[in-house]
Ligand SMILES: Nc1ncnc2c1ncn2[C@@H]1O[C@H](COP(=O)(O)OP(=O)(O)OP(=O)(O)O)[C@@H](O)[C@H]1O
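To begin, one chain is listed below as structure tokens, in the form predicted alone.
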Amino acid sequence: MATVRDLLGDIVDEVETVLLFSPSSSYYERCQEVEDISTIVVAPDNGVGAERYVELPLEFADLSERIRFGIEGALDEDHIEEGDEVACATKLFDDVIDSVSRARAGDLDQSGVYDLFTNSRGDPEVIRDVLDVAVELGQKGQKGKPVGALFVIGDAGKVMNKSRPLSYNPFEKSHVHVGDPIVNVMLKEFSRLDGAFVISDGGKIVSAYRYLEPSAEGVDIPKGLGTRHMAAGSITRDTNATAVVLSESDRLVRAFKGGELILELDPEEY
């Protein structure tokens, strides 16, 4: 008679690498005792002293996004290679690891989310909050109509110096931060008008309605994208900022850093 172990054994059969998401020290030590298995810890900090480690700046509520982030990070850090079969041990219902899933590294579309969160100047929570606003705008639009928007996060002083106002700045004397539900509603409302939002490393909204000069020199963006994307690439080329763009035409959300496109996602799949 088959046992549960027999039925579920295929999940880890021939797996050579295990990604442990925020494991306890005792769980990590038990994994280290397993022969012929490489262990990678994915966590906010490396409290267990793992030799192979991927920093998790946020505890993604969506389990699939958490796993995608861990695999992208492990690939980026050269802990695994394309085609490797990996088992991902995660916490789903409790404070201890209680779930295991299997994936082939490289089979998941590279979203660029690891690069966006770990290599940006802005705080990861701020990046996430801005991304959430852009995604929701992409899903719902403005009063049912598609809308475009540009958010520039980090290195705000330099960004302000390299841009100019298109209109009165409604945030000039305020001290509001992205992530506040009321502020997020304001951002969505102001997105109907031209110009970029400038947001500090810590999430303070410095300005709206900023004009960024689009320049193709030294900027690598796909053909077919317009001036909003060109401006995003240009400002990230000239500063240490990260730019998040919602396209009015195709409703995709893209992020730029260092003059290059690093993330592209469909809000309907996010």
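Residue numbers here begin at 1 and follow the sequence given. Heads up, when I say rigid core I mean the largest set of C-alphas that superpose within 1.5 Å between the two forms. In this text, all values refer to a predicted model and were calculated from it rather than measured experimentally.
Form predicted in complex with this ligand: not shown, discussed below.
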Looking in the predicted complex, is this ligand within 4.5 Å of a heavy atom from each of Asp194, Tyr211 and Ser247?
yes
This ligand isn't shown here, but in the predicted complex which of Gly218, Gly226, Gly202, Gly47 has a heavy atom within 4.5 Å of it?
Gly226
Please pick, from Leu150, Val159, Ala74, Val126, the one residue with any non-hydrogen atom lying within 4.5 angstroms of this ligand in the predicted complex.
Leu150
In the predicted complex, does Ala241 come within 4.5 Å of this ligand, counting heavy atoms only?
no
Heavy atom to heavy atom, is Val42 within 4.5 Å of this ligand in the predicted complex?
no
Residue-level contact is defined here as any heavy atom of the residue lying within 4.5 Å of this ligand in the predicted complex; does Ala231 satisfy this criterion?
yes
Pick the stretch from 47-55, 33-41, 203-211, 63-71 whose residues have a heavy atom within 4.5 Å of this ligand in the predicted complex.
203-211
Aligning on the rigid core, do we see the C-alpha of Pro214 shift 2 angstroms or more between the shown form and the other one?
yes
Taking the shown form as reference, are the C-alpha positions of Gly157 and Ala216 brought closer or pushed farther apart in the predicted complex, with a change of 3 Å or more?
closer
Shift in CA distance, Leu252 and Pro214, in the predicted complex relative to the form shown here, given it is 3 Å or more
farther
